[in-house]
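Listed next as structure tokens is one chain, alone, in the form predicted on its own.
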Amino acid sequence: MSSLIQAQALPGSSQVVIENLTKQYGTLRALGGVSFDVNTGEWVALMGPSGSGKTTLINILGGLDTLTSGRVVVDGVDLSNLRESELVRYRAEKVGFVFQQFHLVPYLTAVENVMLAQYFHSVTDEKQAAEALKRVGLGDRLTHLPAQLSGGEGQRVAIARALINQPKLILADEPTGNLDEANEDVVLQIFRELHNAGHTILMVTHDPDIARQADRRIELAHGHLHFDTLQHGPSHPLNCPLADTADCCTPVSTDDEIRFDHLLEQIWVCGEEGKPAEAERLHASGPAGKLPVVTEEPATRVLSRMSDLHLVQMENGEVQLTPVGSQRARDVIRRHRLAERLFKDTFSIEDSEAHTQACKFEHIISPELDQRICTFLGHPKTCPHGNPIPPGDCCNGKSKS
């Protein structure tokens, strides 16, 4: 068997190098001049609307599709130079795939599905395949057929299969797209463990909460690189006319927006309860499930940034809301408590779960949706816990108790 063609690599170079990648299907250009690198051990969330080129990019990196022009190097292998037989070997040796559709063979057991990946790589080893399933929590499902597995279990079999040949790169295309929340948490925990173990992961996702768990977010739009948090920070457009200059815009990151809202809520509640908002008692992160996933950071550092943005002011260790901060805090509190009321009254969700979901919704409810929810609920005055809901422009004296 011919050896894989190795590209010229410098010491410490990136594991994935993409240079001016173009993919053309007839007159349709799926990718037009995309360039970026991925470091060894990095977890990258690949985002963008449908048709933006995400899956095409993943398929090219995985050797399932070929590039029209440009250069793609993965772990020293230049994909543009590989023949079909060499691409087969590349897929077996370098890449592990995890798809939204699990692609398990229905008449093979879980362990046999994992062994199938070994077959394309070298010699099958049932004991090794069983160990791979045990690592993803399926030691008691070795002989089960796919139809006998839950969605989460099926995806875990697919992950075990992807990892059995110890790939250099894990490519995941919406791996939690068909899972319920409980199974999504289990699968994401496996990816977190893989990341902590040093695996390089490129994951296509539409879910911003999942993307926040990655080291980096890359967004495609119309086949072009649109955002890259490594280059310009979260939500910063690459086509900013002042990019890389002293006047370049530096918008607040999505994670900081969440931290700001979380702190503003705490300060507002302190005011409602007639207590001073002491900086040392505030928290910029919350318990699991009660705050969308963001990296932990001391509240004092976040408050300093909030002070720079004139959201708060500090005086003798006490945090006070500025007029701008007070309005934003009021809006966040209103959205959160309206969401709690919606989940509790309309969907009969338990208090703890209503609070958890409200913590997520408060960051994404638009002013228009805020008013529509309020009107739908009859302009309630309080949340399910009896806390007041600040009235909105839609209320106009129509609030009910």
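Note that the coordinates shown come from a computational prediction; the quantities given were computed from them, not determined experimentally. When you see a residue number, it is the position in the sequence shown, counting from 1.
Note that the form predicted together with ligand ADP isn't included here; everything after this is about it.
- With ligand ADP left out of view, the stretch that reaches within 4.5 Å of it through heavy atoms in the model of the complex is, among 334-342, 372-380, 66-74, 26-34, 26-34.
- Proximity of residue 366 to ligand ADP in the model of the complex falls outside the 4.5 Å heavy atom cutoff.
- Although the partner is absent from this view, residue 53 contacts ligand ADP in the model of the complex, with a non-hydrogen atom inside 4.5 angstroms.
- Ligand ADP is not drawn, but in the model of the complex it has a heavy atom within 4.5 Å of residue 49.
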